[in-house]
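Below you will find one chain, with nothing else, as structure tokens; this is the form predicted on its own, and questions on how it binds or moves follow later.
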Amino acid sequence: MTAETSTDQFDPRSKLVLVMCISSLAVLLQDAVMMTAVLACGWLAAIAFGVDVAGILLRLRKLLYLFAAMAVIQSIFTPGGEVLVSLGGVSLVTSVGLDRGVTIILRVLIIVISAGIVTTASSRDVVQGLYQWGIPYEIAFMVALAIRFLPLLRQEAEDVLTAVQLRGLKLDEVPLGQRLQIYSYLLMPMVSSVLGKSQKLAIAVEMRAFRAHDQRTSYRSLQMHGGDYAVMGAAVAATAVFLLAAWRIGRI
């Protein structure tokens, strides 16, 4: 019997290596210019893998107020540099705080782009790829479930907000303080629904004798090709270049 092979053009392991490199740079780098370059590289990679980057950024537009608040908070609690905006003698926005705020925003965007790249691979291929890497299948299955539940949680949140709006509540017209209070009320039923689905999933997995044996066999067999090695090699080389450049300028 021949092994079943993946129909995806790229092996999920090459995407995981790319995402690990991009995410590591997002955590280690402290320079806004270099992080912008990393974001641009991740953006191009996401487009190459077929990620709807425009749709992701469109959903993030609702967080613009949060991003602006990050810059102000960083300026207040990280004094230094030139004062750009002040109120009553209190520095609201400084050059150092603005740089820190922009860095946080870039870091969030890089992580979001990285998550988008991972979602282009099926959860089944991710499990198989991790298992062929020698990772225990229990851990690989947990990773796949985490990837699967992220869009499920988002869909659950959208359903709850839609149900509230269908009852005549226009959240855009509600003051920010009351809006946050409404979100806190909606958080409990949303989490409860997700936990209920996860409990049903756990029962279904146990009924299929999950972890009945230490080792598992699979009909699927993922094969690395030249494009996968090229993606991983380029990701590792670019990561080394960024880290070396950041080390030389003392921004790591």
Partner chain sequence: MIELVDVSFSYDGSQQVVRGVDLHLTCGGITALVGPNGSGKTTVGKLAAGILKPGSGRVEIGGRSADGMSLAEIGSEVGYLFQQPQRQLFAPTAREELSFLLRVQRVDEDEIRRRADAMLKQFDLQHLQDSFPFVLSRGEKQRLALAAVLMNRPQFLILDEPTTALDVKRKAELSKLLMRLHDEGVGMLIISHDSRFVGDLAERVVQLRGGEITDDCRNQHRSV
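Rigid core: the largest C-alpha set superposing within 1.5 Å between the two forms. Numbering follows the first chain given and starts at 1. The shown structure was predicted, so the numbers you read here are calculated from the model rather than taken from an experiment.
From this point on, the text means the form predicted together with its partner chain, which you will not see here.
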- Item | Output flag, A163, L186 and P189 jointly within 4.5 Å of its partner chain in the predicted complex, heavy atom basis | yes
- Considering its partner chain in the predicted complex, find the one stretch among 22-30, 189-197, 36-44, 53-61 with heavy atoms no farther than 4.5 Å from it. 189-197
- Query: So, in the predicted complex, is E138 in contact with its partner chain at a 4.5 angstroms heavy atom limit?
  - Reply: no
- Message: Would you classify V112 as touching its partner chain in the predicted complex, given a 4.5 Å non-hydrogen atom cut-off?
- Response: no
- Message: My question is simply whether P175 lines the interface with its partner chain in the predicted complex - judged by any non-hydrogen atom within 4.5 Å.
- Response: yes
- Would you please decide whether E82 lies within 4.5 angstroms of its partner chain in the predicted complex, comparing each non-hydrogen atom pair? no
- Which residues within 144-158 place at least one heavy atom within 4.5 Å of its partner chain in the predicted complex? Q155, E156
- Message: If the two forms are fitted on the core, does L195 show a Cα displacement reaching 2 angstroms between this form and the one not shown?
- Response: yes
- Core-aligned, is the CA shift for L161 between this form and the one not shown 2 angstroms or more? yes
- Message: Rigid core aligned, does the Cα position of L152 differ by 2 Å or more between this form and the one not shown?
- Response: yes
